[in-house]
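Before any questions on binding or motion, here is one chain by itself as structure tokens, the form predicted on its own.
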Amino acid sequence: MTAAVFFGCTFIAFGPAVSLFLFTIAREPLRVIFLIAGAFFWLVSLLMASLVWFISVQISNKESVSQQKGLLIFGVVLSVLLQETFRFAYYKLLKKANEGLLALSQEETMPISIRQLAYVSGLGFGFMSGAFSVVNILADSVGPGTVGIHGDSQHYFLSSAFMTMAIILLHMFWGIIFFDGCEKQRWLAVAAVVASHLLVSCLTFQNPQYVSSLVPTYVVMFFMGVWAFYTAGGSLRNLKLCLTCKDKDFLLANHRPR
């Protein structure tokens, strides 16, 4: 039973993201490099947030419950702000890198577009965020022990897996919207990304009332997904053509000479 929980939660949490990686990134070495770099930037932001939070805990009154709770909220907010700061720093770095690649390339167009960079870097952020969110939970799911034996919720592992999947996809959507906002100087879009990230992170304080955290998170994910879809140039017409395999431009774009 523990093995079924482990593999089931792993596939729920990382299945969509791994599928996206295999079908859209894995065959392009340049995209893989940018994805790994994005994951590294997220990791550095977490390291800085963890360092500040650790120092704050050490100098605080550990016997004060209210103070420790306040520090936890402070840590979450700081982590989100640092993640978005490093997303902006990564955007600036990618702009410079893309200009350098264009200078070295013999072609007149950039080897990878800003929209592609936004998608790849967002997925890199999501992969690393998801891994740190759920890896310890998955390790505990192997056993020994029985979830809910003391009256706690039996949906802990399943809820954590669905929350991780949402966070990974949200990072991808946030990356697309954030990069587009920076590129076109639409700072309200950038602010919306930061605000929604803060909202989703603070919703986890509702746990173990998982419905109160999961349902609003998936509502935010839906709207961010629609926003990212249209930001990336999508429309209902080309979505219909793509699903019915009638989009000739899409088919030609993915055609590879043998």
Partner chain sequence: MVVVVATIKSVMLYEIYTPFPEETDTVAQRAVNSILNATIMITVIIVMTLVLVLLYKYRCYKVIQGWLFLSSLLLLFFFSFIYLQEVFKTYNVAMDYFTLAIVVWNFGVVGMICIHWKGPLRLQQAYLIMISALMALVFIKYLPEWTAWLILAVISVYDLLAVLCPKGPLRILVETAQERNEPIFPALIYSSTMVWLVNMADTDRPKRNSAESPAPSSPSQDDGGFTSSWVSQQEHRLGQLQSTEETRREIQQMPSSRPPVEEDDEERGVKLGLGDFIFYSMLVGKASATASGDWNTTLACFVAILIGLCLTLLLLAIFRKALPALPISIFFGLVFYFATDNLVRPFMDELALHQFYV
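Please read these numbers as outputs of a predicted model, since none were measured by experiment. Numbering follows the first chain given and starts at 1.
There is another form of the same protein, the form predicted in complex with the partner chain; it is not shown, and what comes next is about it.
Trainee: Sort through C182, L94, I167, L82 and report the residue having a heavy atom within 4.5 Å of the partner chain in the predicted bound form.
Mentor: Of the listed residues, the single hit is I167.
Trainee: Could you work out which of A232, L46, A189, M221 is the residue within 4.5 angstroms of the partner chain in the predicted bound form, going by heavy atoms?
Mentor: Only one option qualifies, and that one is L46.
Trainee: State yes only if every one of A17, Q116 and A228 has a non-hydrogen atom within 4.5 Å of the partner chain in the predicted bound form; otherwise state no.
Mentor: No, the whole trio is out of contact, none within 4.5 Å by any heavy atom.
Trainee: Heavy atom to heavy atom, is M163 within 4.5 Å of the partner chain in the predicted bound form?
Mentor: Yes, M163 is a contact residue.
Trainee: So, in the predicted bound form, is F88 in contact with the partner chain at a 4.5 angstroms heavy atom limit?
Mentor: Heavy-atom contact with the partner chain at 4.5 Å: absent for F88.
Trainee: Would you check, heavy atoms only and a 4.5 Å threshold, whether K69 touches the partner chain in the predicted bound form?
Mentor: Contact with the partner chain, yes.
Trainee: Can L51 be called a contact residue for the partner chain in the predicted bound form at 4.5 Å between heavy atoms?
Mentor: So L51 counts as contacting the partner chain.
Trainee: Which of the residues spanning 186-211 lie within 4.5 Å of the partner chain in the predicted bound form, based on heavy atoms?
Mentor: Stretch hits, in order: H197, S201, T204, F205, N207, Y210.
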